[in-house]
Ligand code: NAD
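Single chain ahead, written as structure tokens, the form predicted alone.
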């Protein structure tokens, strides 16, 4: 039985993870960590911070909170040799440096998206990338998402660019010459792969990867209709990660 503490346990994703992971036969959610007391505990104990948790009762910390908390989670897990799974978005270079340092002492998995379908969509896109002249990414999320573009979209764009480079394809050149509205063509995520962000109420997490070539197009789309879609991916990370040491970036590395 794997014992889990969830940082951000009072948030929407934290509550979904507490319910979903706690329902699995091989997992036990023992603590929900959050400055605010969760609406539901799902059999776990509430703690305001990780410092009030006994490390001996936790095998894995799952952090779906805010970027500033990730540093504390990484340091606490490294100090106590507790594995860490991070789904928090909006991470900067300093946060990733802390995760890399923690990975020298314990197992760490950090992913922009834990929906298995989204990870597979990125893989499909990388396969397709060398065969088309152009590629663009449109990501659509709920209107309360703080960061743009999404980490999933950035990861997909980078995978497309890397696949094109490996195949000997050069950067994509934007043929637009007149900008009626500034930034109307989105953001260049690298090698000319454009990313566009949409924020609307009613959405959860959706992404379209569009490819174009002479006389044809290809659309790779993934839809997460409910945040429960992330639970199987988090469970996969917990079950397959090396908990002793090492940093794994992206759920794709854990898919066979």
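Numbering follows the first chain given and starts at 1. Note that this is a predicted model, so its numbers are computed, not measured.
Keep in mind that the form predicted in complex with the named molecule is not shown, yet the notes after this line are about it.
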*Assess the spot marked by 34, 66 and 111: is the named molecule within 4.5 Å of a heavy atom from every one of these residues in the predicted complex?*
yes
*Heavy atom to heavy atom, is residue 12 within 4.5 Å of the named molecule in the predicted complex?*
yes
*Just to confirm, residue 88 within 4.5 Å of the named molecule in the predicted complex by heavy atoms?*
yes
*Do residue 7 and the named molecule come within 4.5 Å of each other in the predicted complex, heavy atoms counted?*
yes
*residue 206, heavy atom within 4.5 angstroms of the named molecule in the predicted complex*: no
*Partner-proximal stretch of 23-31, 57-65, 214-222, 192-200 relative to the named molecule in the predicted complex, 4.5 angstroms, heavy atom*: 57-65
*Which residues within 217-243 place at least one heavy atom within 4.5 Å of the named molecule in the predicted complex?*
227, 230
